[in-house]
Every structure is written in structure tokens, then in C-alpha cells.
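Only one chain comes next, encoded as C-alpha cells, the form predicted alone.
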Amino acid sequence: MNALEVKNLKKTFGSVKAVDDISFQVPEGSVFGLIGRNGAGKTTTIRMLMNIYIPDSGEVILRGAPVTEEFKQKVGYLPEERGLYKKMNVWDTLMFFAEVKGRSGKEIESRANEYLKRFQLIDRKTSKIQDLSKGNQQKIQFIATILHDPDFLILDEPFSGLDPINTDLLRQIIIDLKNQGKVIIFSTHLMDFAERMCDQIALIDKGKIILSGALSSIKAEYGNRNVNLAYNGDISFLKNHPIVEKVQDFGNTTEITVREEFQTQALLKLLIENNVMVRRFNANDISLQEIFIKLVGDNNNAVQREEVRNV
């Protein structure tokens, strides 16, 4: 069952088609990633979900009925551009945002203290927001987003400004909320986060959805000629080999695309014969980063950008 359905949304600003007739579905209890590069239309789409922007046409359906103002009370929204009051202290900020959502009292105070402890900010309760680092301000805004225990979370670039430790803590909390049955939508241009966290994705480019569906199904479709390789040695001989279509180096791993599905085993044999030490050989495996590059790269994908694909 779908918690949210987006149907044929359009939004223009002057002559710019920011969002161009997009549709996608967000299943119940899922983490949904709206992914794409900067300027692709992600934030405009999210603002239409929140009724901040009114669509030129199209609609958003919440559990079978059109979204109304009531939705805002059920959702925790973390905007890309942060909106904290700089001269308020941390505790007053959290209590204020909870009250805006109609929540107050001992339960909210207990939840606030718990999250402040998890983010190692319990000693900053009386600090003014302006005296916090950018990363700590981001953590306070995230706590304010989830403090009222919303059914839906809409997070626009939630990992911005966080160091690796706090990024991982935020990821853990998002997964905890998913396990509680929350519906989570987040936008990002960081493919590795989307790949590790999302059940479903929609890839948007130039205002159009060019790929959407279950991440597992998408990877299965695009990975059938792909090998994810970790190795020691020299594989330069592969670049002009007749069974190899493409070699792409991602640093710690290399992704190789063969011309035919049955050639993956031939590739393994070829590597061994050329004294390459194979540390990992994952056939029919492809990263979301590679799929992203295939579809929205600037080299030879102009036709693919215009095709809406649903898996």
C-alpha cells in the first residue's frame, strides 16, 4: 500500500520548468530517496509536497485522499535552508517547535533530553543557537523535526554539514524511525547514502523523473552485465579488450561492464590469467552511482534523459 502518491506535478518559474509532470509512489513504512544532482528539481518537489509551493497542475494523494493542511501536523520537515532562531537557546527552540506541532509537557521534555544526549548536546541546552557550530545547529534542527513524533519525515539534504560520526548517528536514528513504521522521504545528491538507506528511489533530472521504483529491482535490471571488482595488480589490458564495454575506477573499487551477460565468468578467467589478485568479484552488481552516471552523465545520454522509466 502507498502512503503517498505524487501524480503529474508541474511547477514553472517564468520560463523555467522546475518540475515537469512527475509521478511517483511512496510505500508505507519505507525510506524513499528523491535523488538527483543540484538543481534537478528535488527541493521544488518537496516544497510542493509540503504545500509551500502550489503546483501549476497535478496532485499529492495521502493514503487515498488529497493532501490538506492537516498533513503539516503529521509531518516532520527538515528544509535544505535551515530556519532556526539564532538568538533563542537550544531548549527553548526545541520546546517552541514542539508546541507549533501541538505537543508539550513531560513526554516531549523527556524525548528532547534523550535526543540531546544521543547527539552529545545535553550540556548546550542553554546555549544560543548562534553560538553553536553549523553541524550542531543541523543536529538541533533535526531533533526539532522529529521531536513531536510525526508519522512522516521529509528531509531535504539531511546530512549537510555533519561530520562522519554524526552522519552515522543520524542514519541510525532514521532507520530506527523506519522500524517504528514511519514513512521517510529524503532528498540527496549523494548516491552512496541513498544506496545504503533507501528501499525505493526516484531519480529526477532537469525536472523529470527518469527512473523510479524499488532499489533492489533497479539494481538487478542495470547490473546484469556489471562486475564490481576489488583487486591488486594491473588491469589496463581490459580497456581495449573485446569482451569489455567499459571500465570505471571509483578508487577502492572498479566497475566493469561486459558486452554480454554470459561474459562475466570469462572476465574472471581473464583476470586470473593475467596475474591479477582478485579480492572481490561481485557479478551482476552495480552501484547507484554508476546507474546515476549512465542516465544523467553528460557524454551520450541525451536520449535517456527524456525517457521516463519505471521499474
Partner chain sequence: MFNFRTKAVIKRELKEKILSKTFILMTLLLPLFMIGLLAFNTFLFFYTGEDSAKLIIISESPELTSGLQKDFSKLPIVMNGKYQITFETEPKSKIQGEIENRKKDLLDNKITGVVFIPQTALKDKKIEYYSKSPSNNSLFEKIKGTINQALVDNYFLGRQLSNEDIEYARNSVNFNGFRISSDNKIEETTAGAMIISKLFAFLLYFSLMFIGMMMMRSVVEEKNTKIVEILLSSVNSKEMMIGKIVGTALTGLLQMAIWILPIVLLITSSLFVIPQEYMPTVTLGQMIYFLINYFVGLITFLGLFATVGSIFDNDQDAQSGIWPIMMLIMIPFFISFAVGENPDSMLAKITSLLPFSSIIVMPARMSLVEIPIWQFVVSVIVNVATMLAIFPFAGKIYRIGILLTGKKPQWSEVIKWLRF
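Numbering follows the first chain given and starts at 1. Everything quoted here is computed from the prediction, not taken from an experiment.
This next part talks about the form predicted in complex with the partner chain, which is not shown.
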Please pick out the stretch from 112 to 120, 87 to 95, 212 to 220, 233 to 241 that is in contact with the partner chain in the predicted bound form, where contact means heavy atoms within 4.5 Å. 87 to 95
Proximity to the partner chain in the predicted bound form, single hit among 159, 186, 77, 193 (heavy atom within 4.5 Å): 77
Which of these residues, 206, 171, 82, 125, gets a heavy atom within 4.5 Å of the partner chain in the predicted bound form? 82
Does the trio 47, 99 and 141 actually contact the partner chain in the predicted bound form, every residue with a heavy atom within 4.5 Å? yes
Residue 178 versus the partner chain, in the predicted bound form: is there a non-hydrogen atom within 4.5 Å? no
Taking the shortest heavy atom distance, is residue 30 within 4.5 Å of the partner chain in the predicted bound form? no
At the 4.5 Å heavy atom threshold, is residue 281 in contact with the partner chain in the predicted bound form? no
Is residue 249 one of the residues lying within 4.5 Å of the partner chain in the predicted bound form, judged by heavy atom distances? no
